[in-house]
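A single chain comes next, written as structure tokens; it is the form predicted on its own.
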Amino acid sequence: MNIINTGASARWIYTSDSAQPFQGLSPSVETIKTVCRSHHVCHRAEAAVLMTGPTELSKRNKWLGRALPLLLSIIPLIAACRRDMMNQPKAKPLSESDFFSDQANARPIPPHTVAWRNARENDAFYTGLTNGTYITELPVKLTPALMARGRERFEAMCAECHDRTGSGNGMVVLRGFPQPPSYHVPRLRNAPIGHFFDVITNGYGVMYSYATRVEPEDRWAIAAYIRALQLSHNANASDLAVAEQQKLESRK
């Protein structure tokens, strides 16, 4: 083997322990970035070196270089082959049980369980009920912003069935879906506002729950807007302020 170091600081030590000058290289040479160490002693080069002729060590290193990534990828698989967690005693959620009286391993959430940071102390706000009775007063402040939000959410989430006036002739109804009752019938005009919040939350008849689609704040905004639709649909001129009545009379 012949080695050359461009920094001229490495030496190849033969078995005779006598330093030999670097010899000229043959035309077929291979560039490497360090000097491989075999059974002879070799100083590490500080610069790129050239070496000729593969040695047994270089062949072995080349094989290890190819095999090492494969070995590293196999180690996690070997470590993950322990089946302790799979084989441990456990109850599958939908399997039968001899321990519980209802023969089901899936257990209901214990009463009064509260999700972390999700305590809801205001029952009227989150249920529309007080002591099991629908509330009759809006539990949030009535503002123009609330009404605007209620209209936007109503037209996005409710008008498909109830139409924009609340008469129950929405687009999906015109295509065969069951028609909901009009908000303007006496039963719903006299219904407490908590009723509308409860229906949005829990559903009613063929209407499914919108609890996962509409936040509680938006449910109250929609309920307030429904009240506005009912008032506008059944309003009388005598209900208006005097100035508004005069404007209305001037347009006749």
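Note that residue numbering follows the sequence shown and begins at 1. Remember, predicted model here, so these are calculated numbers, not experimental data.
Below: the form predicted together with a small molecule, not depicted.
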Which of 83-91, 115-123, 154-162, 96-104 lies within 4.5 Å of the small molecule in the model of the complex, heavy atoms considered? The stretch 154-162
| Do residue 180 and the small molecule come within 4.5 Å of each other in the model of the complex, heavy atoms counted? | yes
(Q) I'd like to know if residue 205 sits close to the small molecule in the model of the complex, meaning any non-hydrogen atom pair within 4.5 angstroms. (A) yes
I'd like to know whether residue 196 contacts the small molecule in the model of the complex, with contact meaning heavy atoms within 4.5 angstroms. yes
_Residue-level question: is residue 221 within 4.5 Å of the small molecule in the model of the complex, judged on heavy atoms?_
no
